[in-house]
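What follows is one chain in C-alpha cells, specifically the form predicted alone.
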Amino acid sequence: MNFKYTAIALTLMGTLTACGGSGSDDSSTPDPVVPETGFSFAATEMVTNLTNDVIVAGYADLAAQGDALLLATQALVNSTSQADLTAAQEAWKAARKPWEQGESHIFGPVDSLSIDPHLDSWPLNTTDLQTQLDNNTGFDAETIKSWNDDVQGFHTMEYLLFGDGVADNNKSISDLTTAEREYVIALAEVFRDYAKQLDDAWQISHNPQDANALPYADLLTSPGSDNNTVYSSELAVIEELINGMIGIVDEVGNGKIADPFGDSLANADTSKVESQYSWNSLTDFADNIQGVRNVYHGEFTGSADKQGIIDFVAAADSTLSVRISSEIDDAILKIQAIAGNDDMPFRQAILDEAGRTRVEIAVTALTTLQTSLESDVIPLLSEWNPQ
C-alpha cells in the first residue's frame, strides 16, 4: 500500500520533529514493532470437513460398492444372461471409482492394515491365477485371504469378468466357466470384507488389535491431544494431506502412465498398463486426479461448497489458489483427451503415434501440477500462522 503525504501532514510531521528536538530520551523509545510475516488461517473446519465429508465418506462409499459388487457376482452363479455379466462388470467399475479417488489420501489404515495390496496388487499373476482355477473347486473367502495378494483383489476380478483385454473388453457369459464364477464370487466376498474393515478403521477403530484405538478420523481431527500419537498438530495433518495429493499426481504421471509408455513407441509395454483387461485405465487415472480435486476443493463435484486445501492456499495467495485449481482440472481433461475422437483405450494409445502425442500432453499437465504443489504449496506450510 502506498501513502501520499498531504501538506497538512507534512506540516504536522515538521512540528513533531521540532518539539522532539530538546526533550528526547532514548530510554523511553518503544521497541520497534516487527511486522508479522506469513499468513493466518483457522484450519480446524477445513480438517474436519476433509476428514468426514471427503475421506470417510469416500471409504463408506467403497464399502457400499463392495456390498453391491458381491451381490452382482453372486447373480452369475448359474446365469446364462449377458446382462448379468454386464451388471457385474459395471459393479466392478463402480467400486473402482471411490478406490481410485481415495488414492489421493492413501495413508493411515489403508497402509497399516495392508488393505492396499490386498485390494489392488498389480501386476496380476495370471499363471498362479490359472493354477488356482485348475486345482480348486468351491472357492471360499477365508482360504483366498491366505493366498498371495497378486491372485486376489480388483485385478483378479477384472480378469475373470472382462477377459484378457487384448482385442476387446466384452467377455461373453458363455465363456465364463464354473470355476471362474465361483472364484469371482469368493473374491468379491474378500473384497467386501476388506472394504468394510477399511471403513471401520476410519469410523470405529484404526487398530482392530487394540481395544482402545481411536477411529482414524479422530486422529486427524484432534491433532495434539493427549491420546493422539500420530498427529502432533494441524500442521502435520495438512502436510499429510498435501503430500497425499503430490504422491498420487507423481504416481499417475511418472508411474502408471510413464512405465508402459516407455521412451519410444518401440519400447511401449502394454503388459504394464493397469486395468488393461477392462480398458478402464484412463478412467482410473482421471479418478486419481479427481481425488486430488476432492481434497483440494473440500467436496465431491456437485456437492455444496466446503473448505478444502484451496482455502488454506487462498489465505496465503488467492492467485495461486485459482491457478492450482485450474491445473488440476487441466490434468483431468488432458488425461481424458488421450482417448481421442475414437475413444481409444490407453493400452492402444501408447502404441499409436497420435495417441502418444496426447499422452505426452497429459504428462506435461501432470508435471506442471506436481511442480506447483511441491514448489508453491508445500512452502506455505512454513509461512502459516495457525489460528
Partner chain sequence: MSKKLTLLAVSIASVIGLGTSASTYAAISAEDLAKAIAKQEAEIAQLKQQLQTIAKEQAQQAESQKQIEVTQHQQQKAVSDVVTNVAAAEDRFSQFSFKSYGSANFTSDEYFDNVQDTTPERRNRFDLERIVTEFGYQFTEHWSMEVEIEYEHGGTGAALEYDGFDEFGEFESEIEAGGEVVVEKAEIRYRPSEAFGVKFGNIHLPIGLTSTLHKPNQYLTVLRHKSEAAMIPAVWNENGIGVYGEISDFHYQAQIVSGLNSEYFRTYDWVASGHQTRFEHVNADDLAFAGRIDYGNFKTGSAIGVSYYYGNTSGNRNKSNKLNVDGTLSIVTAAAAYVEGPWVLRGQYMYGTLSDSDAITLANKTTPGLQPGNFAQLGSKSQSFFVEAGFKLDDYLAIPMTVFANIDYSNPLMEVESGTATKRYENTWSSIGVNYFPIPEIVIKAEGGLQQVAVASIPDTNFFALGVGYQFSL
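Numbering follows the first chain given and starts at 1. Just so we're clear, the structure is a prediction, and the values are computed from it rather than from any experiment.
One more form of this protein, predicted together with its partner chain, exists but is not displayed; see below.
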Have a look at Thr178, Ser174, Asn227, Gln209 for me and say which one sits with a heavy atom within 4.5 Å of its partner chain in the model of the complex. Gln209
Ok, Ser264, Thr80, Asn135, Thr301: which has a heavy atom sitting within 4.5 Å of its partner chain in the model of the complex? Asn135
Non-hydrogen atom within 4.5 angstroms of its partner chain in the model of the complex for each of Ser112, Asn148 and Glu251: yes
Answer range among 127-135, 235-243, 304-312, 211-219 for contact with its partner chain, defined in the model of the complex as heavy atoms within 4.5 Å: 127-135
Distance check, Gln152 to its partner chain in the model of the complex, heavy atom within 4.5 Å: yes
At the 4.5 Å heavy atom threshold, is Asp284 in contact with its partner chain in the model of the complex? no
Taking its partner chain as it sits in the model of the complex, is Tyr183 in contact with it (heavy atom to heavy atom, 4.5 Å or less)? no
Applying a 4.5 Å heavy atom distance criterion, does Glu189 contact its partner chain in the model of the complex? no
Does anything in 233-247 come within 4.5 Å of its partner chain in the model of the complex by heavy atoms, and if so which residues, in order? none
